[in-house]
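Only one chain is shown below, in structure tokens, and it's the form predicted alone.
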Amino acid sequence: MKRLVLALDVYERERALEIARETSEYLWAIKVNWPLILGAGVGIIKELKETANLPLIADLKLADIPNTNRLVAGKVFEAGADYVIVHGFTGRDSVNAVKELGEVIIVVEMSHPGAGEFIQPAVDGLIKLANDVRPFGVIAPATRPERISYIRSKLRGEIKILTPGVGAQGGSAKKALEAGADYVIVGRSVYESRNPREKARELHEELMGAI
């Protein structure tokens, strides 16, 4: 089973498609964020799916009222996204507005240092929300494996944990899986590498060895 998700946080359409072609053999999914959607247009979602033949995660971290979340999510699901990432702190009505249209992934805790200020103190409430809403998965930080373990211990077993922060942010792919993550999200370490295919292969083999 493949565990690697590539975060394609680049602006350029051709570069994104080239990296997707080079690395797809080693990926479970591709994740796109605002930089690529703003740089290449929402149509890049369909192009990446056709190029890589993989699930596509739209990492929009939606955090608005239900109607706005619904309007934005509708466009990216229409473009071909399989999953949309949402914030949970806006409440279950905002999350459910997206979930009514397709699969969601809820941010429970983020990987950067500032997450300790406001998101981490709210983690128990966000876990409860996830357990009630039953999304496909949640986001938890590879930079703090002990937090992955804590979140896994409180989360319904069928809900997947996707964990960013490996590589450039200092997290370990192996430790993230050992702590309870299901999928590891890696961006800069791959797309800024001189050989993205080789780097993706290395990470894939590391993850396979950790299972």
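Note that residue numbering follows the sequence shown and begins at 1. Quick caveat: nothing in here was measured; it's all calculated off a predicted structure.
Missing here is the form predicted together with another copy of the chain; even so, the following discussion is about that form.
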{"item": "Proximity to another copy of the chain in the predicted complex (heavy atom, within 4.5 Å), stretch among 143 to 151, 50 to 58, 178 to 186, 26 to 34", "value": "26 to 34"}
{"item": "G88, heavy atom within 4.5 angstroms of another copy of the chain in the predicted complex", "value": "yes"}
{"item": "L101: touches another copy of the chain in the predicted complex, heavy atom cutoff 4.5 angstroms", "value": "no"}
{"item": "Proximity of G125 to another copy of the chain in the predicted complex, heavy atoms at 4.5 Å", "value": "yes"}
{"item": "Within 110 to 130, the residues that have a heavy atom no more than 4.5 Å from another copy of the chain in the predicted complex", "value": "M110, H112, P113, G114, A115, E117, F118, I119, A122, G125, L126, L129"}
